[in-house]
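A single chain comes next, written as structure tokens; it is the form predicted alone.
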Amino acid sequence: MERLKNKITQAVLLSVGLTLASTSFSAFAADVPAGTQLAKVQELVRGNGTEVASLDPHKTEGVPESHVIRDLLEGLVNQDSQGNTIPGVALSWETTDNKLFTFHLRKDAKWSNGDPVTAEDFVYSFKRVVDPVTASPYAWYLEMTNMVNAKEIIEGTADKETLGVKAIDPYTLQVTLTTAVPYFVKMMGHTTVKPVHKASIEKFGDKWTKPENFVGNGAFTIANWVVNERIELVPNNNYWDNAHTVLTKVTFLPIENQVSEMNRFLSGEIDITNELPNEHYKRLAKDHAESVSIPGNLCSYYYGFNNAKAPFNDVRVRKALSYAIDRNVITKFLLGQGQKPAYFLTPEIVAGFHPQMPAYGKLTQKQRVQEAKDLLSEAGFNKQNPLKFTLLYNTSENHKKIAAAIQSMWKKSLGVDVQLENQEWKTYLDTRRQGDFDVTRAGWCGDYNEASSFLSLMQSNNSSNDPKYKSAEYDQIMNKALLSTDDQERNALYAEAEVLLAKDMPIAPIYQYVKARLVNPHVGGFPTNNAEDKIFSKDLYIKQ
């Protein structure tokens, strides 16, 4: 979809911190090309991978949840089909120093019950995220924005009312940071900083997300939610741009088995799948080429070691296991859809960042395996004393196949005995968060298109740092990067951080994602060039 150049210009200029005056924008919604014949039934069905853990944006941390919440709630900014930051509830914004940001909200934004969306809604919501009482798994995200007192509030040493956010008037929001963050506006497109309706939460508590209680400000609202079966959304008639929403219904299906999802797509039941079954990729690419979509994706797949637990508190063990993984086998033969072997955490698709290949990534696999054997032997593990542990992954056929392949590699190369354990999504998230694992499958998708969105994950103060990696040197590098106002200097520091991760190996990067899925050709407006895979149903339509 083509968008007005002034939108793109604003997003680009603000990413480097230039001041812009308040500007009006045209509607951003389904842009149906002239002459397109629309289907009589405008209903879309999507596979969503698994049952959502929650639809409260301040209590979620997963991709499946964000897919649904993106339709239900609208933050200060959105993204267009190219991944450019564009207006959401905020029509415009300005800053002169990348520390004080002023957002001007549209006056026609409403909640689904007709209440106006105001600056106070964002003040309440941001304070709710950092409030320890909320126990938001993503509270750290606001700390990473450097919002005044976010860190202290999260740690319980300051009152939530001291957070650096305030309503100047009903439609002017001001956010104050402790240090300059040139990409702050980009960060405001994340799920965690979407607003919630205060009165609904005060009335219904944790039950505010039930369909009968839900009040949102997004383009859609919840019509029906049958746990482990479906979530059905319908247009929010009070949405400021509802006139341009084409779809009349959007259904999300929690399908964990990719073959089952594929079959339901081929039978016409699903319009967009969440994934592809790896073993069927070649056949699908040949027989259903028009439906196979494989854009690059701002995500990394890795295994996390429990750095706080023996023997994974020994870097030699962590390195041995990482080196013994044949990433080429995983990407070329097991996946084979264009995924790249990963030897660092940050994907190469991240804007402006070019990580250097670490030394172990330059070795042949035979050389890596030999080093792995030597390291494991030094750590005291051998045939007489084999290393034994459990590998945790969330229920998914694709994750299971990768885990089985790596289990075999470790056994064949190192004589390691690995027990595989799968858990359904919610339980898996809880287990990881509690640190009750040896090695765990993990994936991370950028919350914004900048290297810090990945590298901040390994900072010791990040509540999503499930591997429990704690390095004062790493924290120092990242803190220095966050303080830097020079892009070149900041990217050089990010490169240093990647070098340290390769040295300490708290995680084993495995591959950089592509987003392989099936998309019915009759779906119009699908954003194939959005690196973060942000799909807004309000931009989609069904062609005849």
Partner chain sequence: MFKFIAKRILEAIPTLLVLITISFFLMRFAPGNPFSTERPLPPEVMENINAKYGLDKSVFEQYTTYLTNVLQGDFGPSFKYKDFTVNELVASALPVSAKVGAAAFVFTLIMGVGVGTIAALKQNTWIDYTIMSTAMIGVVMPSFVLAPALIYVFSIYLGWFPAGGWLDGSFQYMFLPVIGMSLLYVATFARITRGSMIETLNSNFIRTARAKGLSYTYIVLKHALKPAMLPVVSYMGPAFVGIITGSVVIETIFGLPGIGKLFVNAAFNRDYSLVMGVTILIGFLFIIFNTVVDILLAAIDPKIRY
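Residue numbers count along the first chain shown, from 1. Here the structure is a predicted model, which means the values were calculated and not measured.
Separately, the form predicted together with its partner chain exists; it is not shown, and the next lines address it.
* To do: Have a look at 32, 63, 499, 53 for me and say which one sits with a heavy atom within 4.5 Å of its partner chain in the model of the complex.
  => Checked against the cut-off, the match is 53.
**Request:** Using heavy atoms only and a 4.5 Å cut-off, determine which of 82, 464, 242, 200 is in contact with its partner chain in the model of the complex.
**Result:** The residue from 82, 464, 242, 200 that makes the contact is 464.
At the 4.5 Å heavy atom threshold, is residue 136 in contact with its partner chain in the model of the complex?
Heavy-atom contact with its partner chain at 4.5 Å: present for residue 136.
Inset, instruction - Consider residue 322 of the chain shown here, and say whether it contacts its partner chain in the model of the complex, taking contact as heavy atoms within 4.5 Å. - result: Output for residue 322 is no: heavy atoms all beyond 4.5 Å of its partner chain.
Does the 4.5 Å heavy atom contact test between residue 435 and its partner chain in the model of the complex come out positive?
-> No, residue 435 is distant from the partner.
Does residue 204 make contact with its partner chain in the model of the complex, using a 4.5 Å heavy atom cut-off? Result no; residue 204 lies far from its partner chain in the model of the complex.
Within 4.5 Å, heavy atoms only, one stretch in 73-81, 383-391, 140-148, 334-342 touches its partner chain in the model of the complex. Which? Only one stretch passes the 4.5 Å heavy-atom test: 140-148.
| field | Residues from 209-226 in contact with its partner chain (non-hydrogen atom within 4.5 Å) in the model of the complex | value | Contacting residues: 209, 210, 225, 226.
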